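Here you get one chain, nothing else, as structure tokens; it is the form predicted on its own.
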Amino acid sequence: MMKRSPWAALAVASLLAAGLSGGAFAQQTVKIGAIYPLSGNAASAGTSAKAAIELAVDIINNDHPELGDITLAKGTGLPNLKGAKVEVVFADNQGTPAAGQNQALRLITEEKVVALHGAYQSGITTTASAIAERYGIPFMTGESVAANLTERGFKWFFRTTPIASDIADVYVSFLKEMKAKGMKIDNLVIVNENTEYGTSIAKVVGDTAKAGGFNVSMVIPYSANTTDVQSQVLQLKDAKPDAAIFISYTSDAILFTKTMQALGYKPPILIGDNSGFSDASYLRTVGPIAQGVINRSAWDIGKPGSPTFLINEMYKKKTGNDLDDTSGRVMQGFLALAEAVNRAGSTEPAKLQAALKATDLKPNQLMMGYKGIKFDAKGQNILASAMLIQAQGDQYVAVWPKESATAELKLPYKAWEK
């Protein structure tokens, strides 16, 4: 056997050192998967969510001291992982539960992401998060609100957004206050798309309204992929509700608004349940004929110079649009996930899970108007909250509750009237 020279041994040692150095350097990127509808009927919302996450990554990876106490804004990268940068691998769920499930599997097994975020539609979040649960990978949603998502006994699922019961309480409290002020609000109608999101919200809102003393005279479900809602609008017109609550995605919300104008019908109060009504393309497309529509939100641009104002300016520079509530909730969920990864100081699943469970973010650390972020045993943020906003002119303004309002509530629903 030939004896290895000292110089050869030194060369091997140098190569090994270089290899280890390269491996250590490669680990300075933390990969997170993001599953959103980048094609299909909800592509507009998915594209906005993608832009919001990209902005969150910019805030995390680069130094933004102007954003004050916003999570991970100061400094660069994840300090507890030696400044590791966050990398996002986006996947298109195509607006279907099956595609969402397949993409979750691909991101975990092929892309080797350390956590997942998504997936906008609650029905897709259901299937995608089930894959994450099977593989023991954290799954965060900042926007999917179906109540049952945190009722499955999952240990790896976390949600920062308000849920159906929180939302229903907001609507009922608002309607009770309007009734106390003398408005006739006896008859409610709920119109909902028929996937997991619309069906679950409709049930919770209906049950809460009935418990609050309101008569829900009709629930009108429809297919989220429909191209004609004349029959649903005629049903609504015949029911003569004092308030109508719509649970719709973007294309549906636009279609209903146009159809109501075409058929000359508008209820005294129209509440849109975020989602499609929050999409920037909604006001851009039908804003002039939807004046006074009420929407729920946890996002407020804030005063000039404030962290939220500056975040909105960054988003507007990137996309040409103001940040909407849904995209804001996506961004907040992603920032909370990244904060937990940093606090864990590791990408090991068990340590990430423990860090998420221990999350305790304060209002000053958040870009959304929550009372904080703290998860219960089911993975739900117990400090999530919301307010009501109204379309006035070319934007939404905060109108309820009074302490959160930046403009006066205007009723009845004006729609297309001057």
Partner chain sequence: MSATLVQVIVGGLLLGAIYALFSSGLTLIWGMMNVVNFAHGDFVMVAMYIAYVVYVLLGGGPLASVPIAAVSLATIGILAYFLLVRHVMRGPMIAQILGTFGLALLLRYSMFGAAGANFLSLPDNLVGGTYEIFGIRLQASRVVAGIVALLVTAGLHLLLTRTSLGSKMLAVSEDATAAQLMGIRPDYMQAIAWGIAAGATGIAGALIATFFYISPTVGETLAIIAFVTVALGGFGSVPGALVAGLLIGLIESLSAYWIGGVWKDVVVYILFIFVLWFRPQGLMGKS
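Numbering follows the first chain given and starts at 1. Just so we're clear, the structure is a prediction, and the values are computed from it rather than from any experiment.
There is also a form predicted together with its partner chain; it is not shown, and the following applies to it.
- The three marked residues, 187, 216 and 291, fail to reach its partner chain in the predicted complex, with no heavy atom of any inside 4.5 Å.
- Just one of 57, 30, 43, 387 comes within 4.5 Å of its partner chain in the predicted complex, counting any heavy atom, and that one is 43.
- The listed set 231, 165, 173, 306 contains one residue whose heavy atoms approach its partner chain in the predicted complex to within 4.5 Å, identified as 231.
- Checking 249-257, 202-210, 98-106, 137-145 against its partner chain in the predicted complex, the stretch whose residues place heavy atoms within 4.5 Å of it is 249-257.
- Contact annotation: residue 153 falls outside 4.5 Å of its partner chain in the predicted complex, judged by heavy atom distances.
- With a 4.5 Å cutoff on heavy atoms, residue 110 does not count as touching its partner chain in the predicted complex; it lies far away.
- Proximity of residue 353 to its partner chain in the predicted complex falls outside the 4.5 Å heavy atom cutoff.
- Residue 316 falls outside the set of residues with a heavy atom inside 4.5 Å of its partner chain in the predicted complex.
- Residues of 212-248 lying near its partner chain in the predicted complex, listed in sequence order, are 221, 222, 223, 225, 226, 227, 228, 230, 231, 232, 234, 235, 238, the criterion being any heavy atom within 4.5 Å.
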